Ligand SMILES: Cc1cc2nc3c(=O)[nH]c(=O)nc-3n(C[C@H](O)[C@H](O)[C@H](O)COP(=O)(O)OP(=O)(O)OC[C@H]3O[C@@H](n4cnc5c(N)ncnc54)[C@H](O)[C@@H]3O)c2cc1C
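One chain follows as structure tokens, the form predicted alone.
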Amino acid sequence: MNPIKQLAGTITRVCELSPSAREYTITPSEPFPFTAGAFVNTFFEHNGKTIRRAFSISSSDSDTNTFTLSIRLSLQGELTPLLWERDFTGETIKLMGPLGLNTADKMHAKKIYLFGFGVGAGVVKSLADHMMRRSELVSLTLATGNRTIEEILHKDYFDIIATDPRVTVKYVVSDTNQTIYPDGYIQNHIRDYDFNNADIYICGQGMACNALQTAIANHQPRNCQFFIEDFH
């Protein structure tokens, strides 16, 4: 378990991931070891007020000098409209972390399933990188749930790791007007998966996580452990 720190971090890069998501690269003031699956609390100052928000880390836990956060714009939120309105590149914020219970060190199965809804694909990316460095890994299956094709996040990375024979990647798009990818929701496309003797990680909005967990449980898998990271 990495110790929780309170430190400063500078936003050194911001890049567009989709029409409604961005990746923020943070350079902490000191090395920041974490385990994939962790999140960090961020503290932004605006008009004399501190806005605190937690974001899952989306980069590899092999790098302790920088990390990235995949952030979705929420029009009803207090922070993200501000992030989209103003360029925070070069600004320093306060950080607290790493935090989290559903981290890679808790997952020991040789068969791993990673499911991410929306921006949850970010932490799935971090976990996938960690799992692929395990020599004992037999299979890694991941799927992301997306509203539209344009909202598929980190596809370049997932397409690269899909060339590994241990890895299977699926993109599910709820927009039924497209014909490139399976449509609907992830739980509509799990019939061929064997969840026996597997660790299963699910990240996304609470309702989506619950629906997928229920669908998997209906398969009555044996020796199966769930790790659920739901956000609001």
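Don't overthink the numbering: it's just position in the shown sequence, from 1. Given the structure is predicted, the values throughout are model-derived calculations rather than measurements.
This next part talks about the form predicted together with the named molecule, which is not shown.
Residue contact with the named molecule in the predicted bound form: M207 places no heavy atom within 4.5 Å of it. Among heavy atoms of E78, some come within 4.5 Å of the named molecule in the predicted bound form. For the chain shown alone, S74 is a contact residue for the named molecule in the predicted bound form, at least one non-hydrogen atom being within 4.5 angstroms. Although the partner is absent here, H46 lies well away from the named molecule in the predicted bound form, with no heavy atom inside 4.5 Å.
Stretch-level contact analysis of 78 to 86, 137 to 145, 104 to 112, 154 to 162 against the named molecule in the predicted bound form, using heavy atoms and a 4.5 Å limit, identifies 78 to 86. For the residues F39, Y171, Y193, Y185, the 4.5 Å heavy atom test against the named molecule in the predicted bound form is passed only by F39. The partner is not shown here, but in the predicted bound form the stretch 84 to 122 reaches within 4.5 angstroms of the named molecule through a heavy atom at V119 alone.
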